[in-house]
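Below, in structure tokens: the form predicted on its own, a single chain.
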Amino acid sequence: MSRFKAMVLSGTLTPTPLSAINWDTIGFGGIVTPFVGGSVALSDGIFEPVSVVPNGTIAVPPLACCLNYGQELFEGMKAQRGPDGKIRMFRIEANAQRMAKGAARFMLSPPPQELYRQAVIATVKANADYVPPYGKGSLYVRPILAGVGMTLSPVPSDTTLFLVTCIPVGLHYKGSAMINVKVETEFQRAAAKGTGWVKAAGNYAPCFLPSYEAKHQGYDDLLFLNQTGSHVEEVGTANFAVVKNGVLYAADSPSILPGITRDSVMRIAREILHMDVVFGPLELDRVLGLGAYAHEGPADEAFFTGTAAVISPISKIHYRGKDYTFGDTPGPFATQLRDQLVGIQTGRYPDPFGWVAEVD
């Protein structure tokens, strides 16, 4: 038996019956799919062949490095049905490359790109019945990389678990919904020269409290700033961008996660919509029309991008007691970008970039 099969306590999680799923109201959680996939590497860094097994809880020792010292990172992907009924996955190689870079920073064994691809496709195929119908949502795929070897000393694990699990989801934010965002001035998402650029599990829990407080104040999400408070970083768990005078400004810094959706949107803007794209540090003053940008006024459109968020338009940003508005309906650029992106992902439009993989 493979080490991965031995770690998954198959049968301890009961799959949600398909008959119990209402595809119109599935939301973003609460459904158990039948299978998980993955592999394990020991200290030599060599992963065993991929296995797909019935879903279940994972046997992890109490002294596992991931539980004690947070040696864990993950990816987020989607499998979607197109209007032709085919299942497609988006930019598998880019996700594998980002996981490998994060693994190097966290001293985890990186899954080879081909093994990563095999694992996510095999897991999606095993759970194909749980991919929602076209237009009803997607199968959210969560590859996880964790140090599961036992250690009391704060040193890297000698055993790496690569786990792929998935769940059918609706739309995290509806494409037609407008989001109200508050600029967060008390908390910061990531430290300078830290690991904000890694999709590490430990980056997310510190955001729970400020997000919880913002939502109880009537906001949908937060806009985090950099360490000096002068430049925007991310909106909660997604990348931030604006359109101003026909130019797309995509925020970046060494502590921002290098979003694959963000990169895709920038390429679509440049190469399909023929927009000017500025990729780099983005001043909050430029976004809101303050300081040196007061004569320009706020941006024409603001939105955030991510696997779950896709492209979610922002209606207003609240900063230091004042609301800055960006419209009550999605702007023309966000609408076009979303249409092109989702069209490529689902096979409704041609894929000139070679991003999409069909799952037979």
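None of these values were measured; they are calculated from a predicted model. Numbers for residues come from their place in the sequence shown, where the first is 1.
In what follows, reference is made to the form predicted together with pyridoxal-5'-phosphate (PLP), a form of this protein that is not presented.
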R98: touches pyridoxal-5'-phosphate (PLP) in the model of the complex, heavy atom cutoff 4.5 angstroms: yes
Determine whether any heavy atom of L257 comes within 4.5 Å of a heavy atom of pyridoxal-5'-phosphate (PLP) in the model of the complex, and answer yes or no. yes
Is A241 close enough to touch pyridoxal-5'-phosphate (PLP) in the model of the complex, meaning at least one heavy atom pair within 4.5 Å? no
Answer yes if any heavy atom of Y204 is within 4.5 Å of a heavy atom of pyridoxal-5'-phosphate (PLP) in the model of the complex; otherwise answer no. yes
Give me the residue from P111, G102, G236, G137 that has a heavy atom within 4.5 Å of pyridoxal-5'-phosphate (PLP) in the model of the complex. G236
If the cut-off is 4.5 angstroms on heavy atoms, which of these, Q71, N127, T261, N226, is the one near pyridoxal-5'-phosphate (PLP) in the model of the complex? T261
Which of 289 to 297, 304 to 312, 38 to 46, 318 to 326 lies within 4.5 Å of pyridoxal-5'-phosphate (PLP) in the model of the complex, heavy atoms considered? The stretch 304 to 312
